[in-house]
Each structure stands twice: as structure tokens, then as C-alpha cells.
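This document starts with two versions of one protein chain, written out as C-alpha cells and named structure 1 and structure 2.
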Structure 1
Amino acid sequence: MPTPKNYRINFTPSLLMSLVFIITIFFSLSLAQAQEGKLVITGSSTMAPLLLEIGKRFEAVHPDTRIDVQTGGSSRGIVDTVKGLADIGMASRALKTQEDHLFGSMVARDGIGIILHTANPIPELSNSQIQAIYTGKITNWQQVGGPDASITVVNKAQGRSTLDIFLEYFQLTNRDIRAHVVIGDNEQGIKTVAGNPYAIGYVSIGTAQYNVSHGLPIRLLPLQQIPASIDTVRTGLFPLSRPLTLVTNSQPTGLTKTFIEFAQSPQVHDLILQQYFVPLQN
């Protein structure tokens, strides 16, 4: 039987440099591939316009990545994330105690404000008056110093975090509400009030201010004599505010982590301000 031959490789400096180069290229390609792909983000209609813009900017930096943003309410974002139908859920609220198995990453803050048509002269409503309007105890604007006209109550559909926060703040249940119109997203609520001088609704302050700046005939009422604005939300004075949260099944990793860190960074503060939300203080 022939004796096995021993082969020896001489690791010359040039060969070592070539190996290092090959290994470097391999890991660079692996890292690049890890940052490629598609992220599906679903949930809050309040957050969707902002995430669409952040997604476009992220795609410009990462041209091999696609960000798919779908609305449907905060509840959808939570459910889709739990079921694995979405990589990231959008929830325009903090996570609840029963959702502590999920991981939340705040990207901005927003408030919820009461809106009227600009033709409605009512300057302010107290918390008790708002409660009475939404429970059907006050049905005419004349009862709160306004014109002799029936009040059209606009409420949010179930599954919307804006509804949950409104009910909690005013110590109501959805069964207490006597609504004439039930809407889904903020834009529907704003268009409903903009088209009816005697309607009342409640929506994202950021979305309302954005639409006011684009000429829609609505205005935000103060709450507890505090103006509803991005400034009072920023300073913490406004009593009805909330975090805008990106939700994942666990602590983010890979492309998901890269995107969330981008959404929390100063690189998108201008986009957050354009939507009249409050950026994180980095």
C-alpha cells in the first residue's frame, strides 16, 4: 500500500492577503444580504402616512429593500405582528399590560384633540360637556352656547387606539356613546367634520394640524384650557397625548432593527415634524 503523501501549503504574505480579502468580501456580502429584503408594516392609520415617508427615505439609503406599509388600525398592527403576518406593527399608543410579551419602540409623540368645523363659533368645551355630548345628554349646540342646531356626533370604530384613549380619558365605555357617524381613520373623521358645520369629532392632533395647514375648514378645541398643538404635546402640557409605537414580537434584530433605529434617528425628524408629530429627543 503506497505511503500517503503529506502536502504543505506555504502561506506566503501574498496568499494570506488574498485569503483575508476573500473572507472580507464573503462577510460583506453576507451583511449586505442581511440588509436586503422586504419589511411588512401594518396598523395605525395615524402612523401610516409618516411610516410611508420614512419607508421611502429608508429605501433610498437601502435600495435593495422594500418597505410595505398597510393601514387598518392599531389592533390590526398588534394582531398581525403576533400572527407573523407583519414584521412590524404600528400602534398609536403604549403597549398594554397584556401585551408585555411584545417589544415596543417609540418613534414620536402625538395628541388627541376635539375638532369642530370652522363655522362653529364654540370656543371651548369642558370635559363634562364633551362627555354629555357623546352620551346623548346634550344634543343641540344651543345647550352649550352655540347655534340652534342638532349636534352630529362622530365616533371612532372599535379597534382604533384613538377610541380607546378617548374613552379612557373621559371615563366612558363604547356602549355609553350615542354616535351618528362611526368612522375608521383620522382622515375620514376630518372629512366628516369638514363637511358638516354642526359635527364634532376627535382625531390625532398631528393629522388635524396637517389638514388645517392644507386648508380644510376644521379647528382644534383646547382641552382644560390648554391649546391642542404640537407645542403643548412636546412640552407635556396637553393632557391627552400618546406615544407612536413600532411593535415587534421580540427585541428587533437584522433588517427590522436597522429600520426601527432609522425611524428613531434624527435623520427623519424633518418627516415627523412635517406630519405635525413630536420627534424623540435624541
Structure 2
Amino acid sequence: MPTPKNYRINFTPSLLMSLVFIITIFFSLSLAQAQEGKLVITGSSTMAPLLLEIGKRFEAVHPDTRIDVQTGGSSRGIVDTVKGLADIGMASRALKTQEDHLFGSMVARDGIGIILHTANPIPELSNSQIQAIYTGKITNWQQVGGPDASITVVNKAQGRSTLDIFLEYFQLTNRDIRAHVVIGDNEQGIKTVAGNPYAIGYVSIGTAQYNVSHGLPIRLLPLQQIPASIDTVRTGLFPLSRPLTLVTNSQPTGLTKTFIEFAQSPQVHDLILQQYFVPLQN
């Protein structure tokens, strides 16, 4: 009777060993194949989620390629590209004049709009009024010609790119801001403003416009007389907006060129919209 048991004990490790062996060979083969068409993309944390999705779709269309996306900020993207550590850098801003030697390809634009509740009659706020509200110098809507009610300031959590462009545009630092509510994502910001007639917040324009069209009681404020809409962001007219750029050392060629053209094509527009960015073509 013990024979079959012994037999089994002897058999299991060898079966396991051979399985491991086969898997290892398989893996190294597939890795070797993938290495041939690998692109390293580093940079802006705003763009990383979008590029990750575009990369997945690109890999599905071109099965023998691998797209490796790493974050670390726009500056890292540019430095890595210059040093040759990355094939493509992600920069969520336009290239500066001293970066003229690099080649930028825009894939989308990102715009941020100031939102109020529809019950709030304020037609427009100047940049200095918004600054004063966010730094706690203006605390009542009466001070900017509105009803007698205290202002609820809605700010974004740190590390969010929306906060970064907002601070940069209004020349503020985190310490200056006197917020009453700190929110995580755009949706939470919209719910907070929709539930409080005297709140002011800022969110991605794509998200805001989507919610306005679905009947939420929020309203996008124009900035410097320019209405906040997907169209003014797309044309670059809206002041609180920025280009999302892929940076290369020279005119892209080969796989890099194929990938950038793919990222600019209408095939990825749904992915761009999913991340609340604005695609370049209508």
C-alpha cells in the first residue's frame, strides 16, 4: 500500500520543477521579445495616468512593444529626456525658451475653472478678488457685491496638479490659503459646491461642464472676460489652462514617432476625456 504514496511524493517536486522551468523560459522569451520595442516615458504626474492608459492601448495594437511610464514631475521628464534616460518626457506646461533645442508634441490641454453655486448671483470675479478670497482677506460675498453671506472656500489636497496650476496662476503658496473645505477629486469638489450656495471652488473644466450639462446647480465663472469652456481651453484662449506635451530630444523617429502619432490620434480621445482633459481636435 505505501508504494503509490511514495511514488506521488517523488513525482510532485519533479513536476513542480519542470513547471517552474517552463514558466521561466516562457517569461525570459517574452521579455526578450518585448525589450526590442520598449519606450520609457517619465515626467508629469498629471499626465502619467493618461499616458499609462494610452500605453496599454498602444501595446494592444502593437503586441511586441512595451511602454514603461514613470512619474516624477514635468522637470524630471525634461531632464530625463535630455540625459537620454527616457525616450519621451511628459511636461504639463509649454516648453520654455531655454528648452528650444527640445521637440514638443502636444497631446491634449488641461483647463481649470472657478465654480460657484447657481444661486450665487456674482457674475464675475477679478483675479485679485479671487486671490483675496482664497487668502482670507475677503470673507463675505457682500465685499464683492453679492449677498450678505460668508464665503466657503473649497481647496484641493496637496500633491494634486489642479492645486499646482491654481497656485501658480494666482501667485499663491499653500501657506497663504485659508480654506474651509479641502477636497480630493473633482467630483467631490462639485458635490461640495452644489450643496452650498455660498461656496467657491475650482475644478477641471471638463468635469464641470459634464456636471453642468447633467443639471447640477453649479456655474463656471469667466476669467478675465473669457468664458470657461472646453472650446476656450482647446484653443488656448482660457488663461487658466495648460498644454500637455510629450517632449523628445529631436524630431521623433521610429517607434517614438509611431507612439506620439498614436497619442495625438482620435483613437485615444475617449481616454483623454476620461481623465477630464481636452483633446486637441473636435
Partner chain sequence: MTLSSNNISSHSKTDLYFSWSLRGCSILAGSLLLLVISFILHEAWPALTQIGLTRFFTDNGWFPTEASYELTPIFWGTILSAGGSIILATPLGMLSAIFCHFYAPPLLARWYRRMIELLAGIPSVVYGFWGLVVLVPLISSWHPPGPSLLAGVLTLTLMITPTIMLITHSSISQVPTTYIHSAVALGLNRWAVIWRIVLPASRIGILTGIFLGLARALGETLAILMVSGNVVQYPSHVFDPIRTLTANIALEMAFALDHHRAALFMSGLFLMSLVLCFVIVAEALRRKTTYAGVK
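Being a predicted model, the structure only gives us computed values, none of them experimental. When a residue number appears, read it as a position in the sequence of structure 1, where counting begins at 1.
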{"item": "Identity of the form predicted on its own, given as 1 or 2", "value": "1"}
{"item": "Rigid-part rotation between structure 1 and structure 2 - which of 155, 42, 125, 110 lies at its hinge", "value": "110"}
{"item": "Hinge rotation, rigid parts compared between structure 1 and structure 2 (°, from C-alpha fits)", "value": "41"}
